Ligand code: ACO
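One chain comes next, on its own, written as structure tokens: the form predicted on its own.
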Amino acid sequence: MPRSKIAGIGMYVPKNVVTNNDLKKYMDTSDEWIQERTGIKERRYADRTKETTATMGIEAAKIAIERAGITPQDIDFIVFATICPDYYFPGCGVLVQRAMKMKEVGALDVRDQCSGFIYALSTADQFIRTGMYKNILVVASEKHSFGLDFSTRGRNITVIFGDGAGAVVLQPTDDENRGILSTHLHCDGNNAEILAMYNPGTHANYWTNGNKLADFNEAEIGEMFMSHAMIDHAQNFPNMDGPTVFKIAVEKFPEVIMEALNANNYQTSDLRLLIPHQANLRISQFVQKKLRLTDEQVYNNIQKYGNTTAASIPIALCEAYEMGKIKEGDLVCLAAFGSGFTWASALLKW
């Protein structure tokens, strides 16, 4: 059974740079406050009308496909990870197929939030290993900026997120020194509501800070999908209990990294590079210290892009590759933790 390898990788970030000081125009915050809590200095925001989640993903895909030495017509399956789709439905995968004039291939959309890229990569890996497909395009793209609360009320979340996209092309390989060694996927829904965007949705409850606030009354049932009451309670914006997320993340991140290493008989000292999902620089630093990794073994770029959720790992992986931090045969670990809660890791030989 062949392994799957990353044959090509690409990334795209919008040109519009938004600094911490820029956010002071909309909310009570400061550069010092944001950097102290997140490590973020700036992020990118997509053009409001000319760029979408799909179009950014397409730009990253073009680079990945070219680097793989193939054309869009060679792609035989698409896996697209995002929490910010262009439309409520259909998903972004079909939009990529249409825009890139591909054959009538299958397209799968993945909704696993910050863990989305690893979940998508794992799914594509299984298709390659079984021989069902030969050239799979995996895209992760996010346009958070259009759905954030630009007020002091929403600053704890808004200051964290940015826009961008990353993509890889997976192909089969018989080379024992290359390819995805294993992937490890987990979830625990017990705390699903403490990091969530509740509406639009099909439930019939108000939520605030992860707790049920009140049932809808009969007069509001007819406008349950999106109502004035939801807007009044800021239910159309993301919600996060930051301290609880941090506490669980710093527990699950090291666990899933070690799971990948142990499954393949490696130690942390064997790692050339760990690329964590760019959730928060403080989380990454905590994990690095706990696993006793050197600065050279961990790659972070949240300082300049913010948290691009599913897109953060392929963006960081692409940058590390372009900077020469990864060479053929190097052991690389990808790890993520996010809403759901979901967490995941992938271990690969570059």
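Residue numbers here begin at 1 and follow the sequence given. Since we're looking at a predicted model, the values are computed, not measured.
The same protein also exists as the form predicted together with the named molecule; that form is not shown, yet it is the one meant from here on.
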query = What is the one choice in A260, A279, M100, A196 with a heavy atom within 4.5 Å of the named molecule in the predicted complex?
reply = A279
remark   = Note: exactly one of R272, R178, K252, R155 sits with a heavy atom within 4.5 Å of the named molecule in the predicted complex, namely R155
ask   = Do D28 and the named molecule share at least one heavy atom pair within 4.5 Å in the predicted complex?
value = yes
message = Considering non-hydrogen atoms and a 4.5 Å limit, does the named molecule approach R37 in the predicted complex?
response = yes
query = Can any non-hydrogen atom of G338 be found within 4.5 angstroms of the named molecule in the predicted complex?
reply = yes
query = Taking the shortest heavy atom distance, is F286 within 4.5 Å of the named molecule in the predicted complex?
reply = no
message = Taking 4.5 angstroms as the heavy atom distance cut-off, pick the stretch from 102-110, 156-164, 84-92, 131-139 that is near the named molecule in the predicted complex.
response = 156-164
request  = Would you confirm whether the three residues W33, C114 and G242 all fall within 4.5 Å of the named molecule in the predicted complex, going by non-hydrogen atoms?
outcome  = yes
